[in-house]
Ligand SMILES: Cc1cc2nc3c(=O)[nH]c(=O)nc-3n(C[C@H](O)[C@H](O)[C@H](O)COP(=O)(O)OP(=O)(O)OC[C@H]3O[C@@H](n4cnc5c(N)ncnc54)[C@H](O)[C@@H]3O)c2cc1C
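Here we start with a single chain on its own, the form predicted on its own, put down as structure tokens.
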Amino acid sequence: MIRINDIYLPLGYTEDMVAQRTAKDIKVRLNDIENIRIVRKSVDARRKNDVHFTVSVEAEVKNEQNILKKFPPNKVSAVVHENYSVSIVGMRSERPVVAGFGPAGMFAALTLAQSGMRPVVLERGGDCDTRLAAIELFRTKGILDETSNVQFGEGGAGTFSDGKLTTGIRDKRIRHIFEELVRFGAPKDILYLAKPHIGTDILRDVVKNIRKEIISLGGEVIFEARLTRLVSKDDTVCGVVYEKNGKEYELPAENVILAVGHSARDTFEYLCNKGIAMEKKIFAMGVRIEHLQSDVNKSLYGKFTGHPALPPADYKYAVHLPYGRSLYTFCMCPGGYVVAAASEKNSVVTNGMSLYSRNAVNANSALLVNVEPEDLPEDSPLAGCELQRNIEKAAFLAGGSDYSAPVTLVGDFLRSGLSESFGKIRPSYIPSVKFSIPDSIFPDYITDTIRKGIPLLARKADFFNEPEAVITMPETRSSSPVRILRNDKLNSVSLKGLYPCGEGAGYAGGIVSAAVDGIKCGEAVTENG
């Protein structure tokens, strides 16, 4: 079997065209090709007069060795599948504990369960249904549940997002993760789309099914159970203490995977006070910007806008300013919503979310600026957490102290003016919004970079010139401001048996990379535990 890349297909292609175009590309007869299938598919919209699909296929073809000799490897290559399987090790003397049930914790627990180790999962938030009710109460009445919200609960922050599965890492475990997600209910197209996503509505069922699988294999998932202490002796983990319903419970444990997510600031504070080695790291903050999805489609698809084969257009841009700062888009949600994502009282946080259909009126994206360790004058590794918190509290005050989000229009923001009314773009944030000036919320280097960067983004995509585009503030939880140090066996450098894991610990940057790190930590427990 060989893989053939960069095959051109028109938007209205038929199934027969796939083999026909492939045969033409590699100069063989059509009947020389058997068992062909698309393994990657992307929209090529670089030329607006020729928007089309570019696909890669895997196929069985006669005289494959001769074809491989004729074409460079970036065009034709032999198919080599790196199959992944979980090692079966069975029970150890004590069950491993996984703290956190986001992408990293889920796949760590799933790996341990499939290996026969019957993990215990502690998740500070509620199950999906409990969590959904809490989020809806916050959206409609402004009543925040600090344990179950957009940040905390079954599936982690990724459950209430667009469910994007794009990643910049390469790892043999990625295919396994995608296949598992499909097995648990994700759409099959994630296996071949260049920009796969699941959508919040489908993700909720996927994470439930993963939980059910872990339990069926002998694992246990305890919700509304917040990790409060690590029990240790001679610099080695020997148990954990968690709080549930106001009571504390202790579990013996020789191995603890710490996958608490980047919003578990109280856990970071506890670990820091306990002397667990951690450090400040680069993270990012900024705002959410909303445009009409129809304007994004027109800008990126041109005359092909509205073609039934095309998905809602998305984008990813970055611009670099002369004085060294950069502005970049992140977690772009086509046809989505800006959501209330606070996890602490008297704070405002935003995030982006889409359903699988991506059919809402607005498109939204984070506009982020990196925060470097040297931007934080305090020596504490938690200085970034404190900056996040200060910005979120300033946003709460600017929004009127009722969880309304502060907003401004792009045109007014660029002139440092205060907006007074909306134009054609209405904000999607619920419960409500209030006009405010970003300069009262952020450090100067963030507002200056966004203000100077938006005109540069408009050179790449004309919809950024829209003065009525809505900026909603703040986006502070895009990445973790700390890294909990670990060695080459993924063990904390401070405490044997503790495995810092995933995005919160500073080792991932999205659903897929977090899931990969979760599997790696699960493997480390089976190998090192």
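Quantities reported herein were computed from a predicted structural model and do not represent experimental measurements. Residue indices: 1-based, along the sequence shown.
Omitted here: the form predicted together with the ligand. The next part is about that form.
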**OP:** Using heavy atoms only and a 4.5 Å cut-off, determine which of Pro96, Gly158, Gly384, Gly336 is in contact with the ligand in the predicted complex.
**Re:** Gly158
**OP:** Note which of Leu227, Val221, Ile276, Val369 lies within 4.5 Å of the ligand in the predicted complex, where distance is taken over heavy atoms; exactly one does.
**Re:** Leu227
Original post:
Cys521 near the ligand in the predicted complex, any heavy atom under 4.5 Å?
Top reply: no
Original post:
Are any of the heavy atoms in Val410 no more than 4.5 Å from a heavy atom of the ligand in the predicted complex?
Top reply: no
**OP:** Please run the contact check for Gly399 against the ligand in the predicted complex: heavy atoms, 4.5 angstroms, yes or no?
**Re:** no
Original post:
Does Ala104 make contact with the ligand in the predicted complex, using a 4.5 Å heavy atom cut-off?
Top reply: yes
Original post:
Among Val150, Gly261 and Gly502, does every residue place a heavy atom within 4.5 Å of the ligand in the predicted complex?
Top reply: yes
Subject >> Partner-facing stretch of 419-427, 313-321, 162-170, 447-455, counted where any non-hydrogen atom is within 4.5 angstroms of the ligand in the predicted complex >> reply: 162-170
Original post:
Can you tell me which residues in 103-126 come within 4.5 angstroms of the ligand in the predicted complex, by heavy atoms?
Top reply: Pro103, Ala104, Gly105, Leu122, Glu123, Arg124, Gly125
